[in-house]
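Here we start with a single chain on its own, the form predicted alone, put down as structure tokens.
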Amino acid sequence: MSHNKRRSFLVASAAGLGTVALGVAVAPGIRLIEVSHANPVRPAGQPASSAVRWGMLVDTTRCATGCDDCVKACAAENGINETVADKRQGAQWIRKIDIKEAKTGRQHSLPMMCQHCANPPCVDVCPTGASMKRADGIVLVDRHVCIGCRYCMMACPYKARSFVHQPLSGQNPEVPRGLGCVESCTLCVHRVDKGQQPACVESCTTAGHNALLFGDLNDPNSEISRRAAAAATSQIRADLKLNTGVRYQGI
């Protein structure tokens, strides 16, 4: 096949991807095109809309030192730390950190995860396009395109990504993970696309802590927008101007 014919074939194949790729499952119950385009507020069959921007608000005044309910919920939902392989490689999509203000000595405990930046450096440095940001702001990794170079891990200022060094088993079929791939918090995209809350938020609310709030940052009438407007919020490393989707109150 000549170069021109080969190029024409690739262009034609790409043009038809929207219909063909719907039949390519990345794992039982989840498909690549569905992951990229699904959104509970859009009509079926239409791509995710930039009119929505999913985000999370963390109230550090309600987040207690030593509490790791959100971490446990994330692990249970996404099939993390359930195998020897996971425990050896330290996979953790959300972690609790303690910070202390140098001037006042005031201490805070807060969850740290992928911040789902509007301008994600992980996406900028990815050579294959595996790191991607949906139109609704959720940052994901396509494990079928990821080559494991780990450039994104080096670029992330939040140390939010980890690398799968060993084979995994006993995984949640709705959460595709794989050997040789980088991974991080997905805001439980498989739940969000069914109109549900991320597992960490649901767990925190059920336990009565109410330190986590999830919603549409673009909707001025949403609870998360009203809360953010009523009290000052902070972005971790705001100096980087990444416009994070995760905001913090009380720090």
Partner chain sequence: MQLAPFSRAEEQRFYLVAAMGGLVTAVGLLAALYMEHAGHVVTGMTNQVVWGMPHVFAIFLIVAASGVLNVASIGSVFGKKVYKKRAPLSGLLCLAMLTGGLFVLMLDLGRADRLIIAATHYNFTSVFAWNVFLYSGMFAIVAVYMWTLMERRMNGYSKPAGFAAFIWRLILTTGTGSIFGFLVARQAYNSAVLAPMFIIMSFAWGLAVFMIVQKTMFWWNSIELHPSVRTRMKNLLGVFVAAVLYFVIAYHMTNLYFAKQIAFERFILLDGGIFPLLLWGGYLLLGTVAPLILIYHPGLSARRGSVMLASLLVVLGAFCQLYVFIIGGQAFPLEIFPGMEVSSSFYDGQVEHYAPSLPEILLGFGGIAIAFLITAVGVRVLHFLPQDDLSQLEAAASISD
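Model, not experiment: these values are computed from the prediction. Residue numbers count along the first chain shown, from 1.
Unshown form predicted in complex with the partner chain; subsequent notes refer to it.
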Please check if residue 236 has a heavy atom lying within 4.5 Å of any heavy atom of the partner chain in the predicted bound form. yes
Although the partner isn't part of this model, could you tell me whether residue 91 comes within 4.5 Å of the partner chain in the predicted bound form, counting any heavy atom of the residue? yes
With the partner left out of view, is residue 119 within 4.5 angstroms of the partner chain in the predicted bound form by any non-hydrogen atom? no
Output the sequence-ordered list of residues from 50 to 81 with at least one heavy atom within 4.5 Å of the partner chain in the predicted bound form. none
